[in-house]
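What follows is a single chain, given as structure tokens, in the form predicted alone.
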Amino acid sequence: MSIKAIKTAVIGHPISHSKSPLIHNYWIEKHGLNGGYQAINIHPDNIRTDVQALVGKGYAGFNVTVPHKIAIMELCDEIDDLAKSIGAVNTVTIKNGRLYGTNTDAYGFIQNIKQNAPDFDFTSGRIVVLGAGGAANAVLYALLQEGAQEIIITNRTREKAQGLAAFNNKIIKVADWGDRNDICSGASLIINTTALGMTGKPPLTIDISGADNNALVTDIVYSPLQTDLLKQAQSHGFQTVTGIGMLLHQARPAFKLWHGVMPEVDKTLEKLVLA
């Protein structure tokens, strides 16, 4: 008797840039599994009906990307403590018609930094976080778990940033978006969690020249891989980490949830995704 194919996907809007299908289908083939993973464009207005359609079609689960990471929470039947703490869901498992939400972004973010900048000390210096969307939740959670002592978050809508500062009001402070250049002065770590600078999106206009000489700059945007922010950082001699590693590592625990196998990030996969 043949084993039933495990259908999984990533949902978002837009979604054409997503490299998640390459990653998951590579692992499915590598481990000899019966299944498939696809990118599905879901407009925010249709999220409830379209997600229910996935359930009806027998999907085992799906990843969630911009702009659905917070909205999807209302559709989940259960959300684990990790996702509750972060305040966003990026991975959903479907069992018996019920949706179970979790979050692997914090794991992916930290693993990416530790792999590509292993000597970076999260406890030293000011950390600047740009943006207050679903990904920012996970980044802030991860930074606090790593012992960050001073974080400044800024967002075009200040109220959203203030909401995230509630993670830890002693460590996380809010700055106006118009002051983003100033707060980067002396910063040891600058993180862009916005979609600004992504292919098809408006540019991220910022001057980070005043950051600490040993600053690390990372961008969760991976399309393009070398964003204007990272190019600017490199021109000033700062260390940079691209966003593709976060995507690769956050995918691992999601894959394990659906297939029971914890995959590895190897050079073949990295080349495939970057091709």
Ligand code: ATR
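Here the rigid core means the biggest group of C-alpha atoms that line up within 1.5 Å when the two forms are laid on top of each other. Residue indices: 1-based, along the sequence shown. The model shown is predicted, which means the values in this text are computed figures rather than measured ones.
The discussion below concerns the form predicted in complex with this ligand, not included here.
Mind checking whether each of A132, T157 and A195 has a heavy atom within 4.5 Å of this ligand in the model of the complex?
The answer is yes: all three residues contact the partner (heavy atom, 4.5 Å cut-off).
If you check in the model of the complex, is P202 within 4.5 Å of this ligand, heavy atoms only?
Because a heavy atom of P202 falls inside 4.5 Å of this ligand in the model of the complex, the answer is yes.
Could you tell me which stretch in 132-140, 73-81, 181-189, 87-95 has residues with non-hydrogen atoms within 4.5 Å of this ligand in the model of the complex?
That would be 132-140.
Relative to the superposed rigid core, does the CA atom of Q250 travel 2 Å or more between the shown form and the other one?
No; that C-alpha moves by less than 2 Å between the shown form and the other one.
Please determine whether the C-alpha atom of V66 is displaced by 2 Å or more between the shown form and the other one following superposition on the rigid core.
V66 C-alpha, core-superposed: shift of 2 Å or more.
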